[in-house]
Ligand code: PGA
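In structure tokens, the next block holds one chain alone, the form predicted on its own.
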Amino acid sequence: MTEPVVWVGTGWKMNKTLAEATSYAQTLAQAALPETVQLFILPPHTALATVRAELPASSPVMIGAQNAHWASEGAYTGEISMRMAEDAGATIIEMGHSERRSMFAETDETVALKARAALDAGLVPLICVGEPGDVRAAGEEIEFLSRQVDAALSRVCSSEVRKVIVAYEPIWAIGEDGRPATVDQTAPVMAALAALLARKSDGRGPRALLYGGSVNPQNAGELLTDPTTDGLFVGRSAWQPEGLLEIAQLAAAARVPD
């Protein structure tokens, strides 16, 4: 199989019953997937095991959890541990999403704890960073994002950065009312993040540096013209499997291997 050259994934947030998750996974299992694209999906916790069971062991689609606690076990009502997420089928753990930060008091410190715990469990941290609109308007996004990345990786040694995925999701661009970003807006930020991550990893960089924020079939190809963007973290445009597959095909066409 050709080594994937671009990543495309989606998180379902608080959506989908078990029946709906089953139908989505079955569609992926039956689809012809582009070999140059690494697909991943992040179902809600309730559907992790169901989705894992519906995808054959040979499926290249990676499955992740939208959150997990840093403690191995304990009295943390409503949480699941990294070990429990892995047991249900996850290999990726999302952390630091702006909704988690704003609604559920996730902090730079807890993101750092989760990144460390995920790596210790042999899982892939998917660290989300992003600036609010007022920070972007003030031209301070690079400094803001650098602080978030520094904090998130504060417990990660340089040789482990290559195991981490970082997703840049500007808060002003995500959600139902988000303003889709242009490549002119994303490329300078992605270049700055790529340079920062390279410095933190002795030049090796992260496993992938993704862009997310109102990604859709109309702008996916343009966003991937930026050479420092390793892939796309898609929202509602990929909440149906046909949408994910369409963007995957667009990504494959945008990034033809040398």
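Start at 1 and count along the sequence shown; that's the residue number. Please read these numbers as outputs of a predicted model, since none were measured by experiment.
FYI, the form predicted together with 2-phosphoglycolic acid (PGA) isn't displayed, but the following is about it.
Novice: Looking at 173, 93, 111, 117 here, can you tell me which has any non-hydrogen atom within 4.5 angstroms of 2-phosphoglycolic acid (PGA) in the predicted bound form?
Specialist: It is 173.
Novice: Report the residue, out of 214, 66, 229, 38, that has at least one non-hydrogen atom within 4.5 angstroms of 2-phosphoglycolic acid (PGA) in the predicted bound form.
Specialist: If I apply the 4.5 Å criterion carefully, the residue I get is 214.
Novice: Among the candidate stretches 54 to 62, 190 to 198, 22 to 30, 229 to 237, which one is within 4.5 Å of 2-phosphoglycolic acid (PGA) in the predicted bound form when only heavy atoms are counted?
Specialist: That would be stretch 229 to 237.
Novice: How about residue 131: is it within 4.5 Å of 2-phosphoglycolic acid (PGA) in the predicted bound form, going by heavy atoms?
Specialist: It does not: once 2-phosphoglycolic acid (PGA) is placed as it appears in the predicted bound form, residue 131 has no heavy atom within 4.5 Å of it.
Novice: Heavy atoms within 4.5 Å of 2-phosphoglycolic acid (PGA) in the predicted bound form: does residue 99 have any?
Specialist: Residue 99: yes, in contact with 2-phosphoglycolic acid (PGA) in the predicted bound form.
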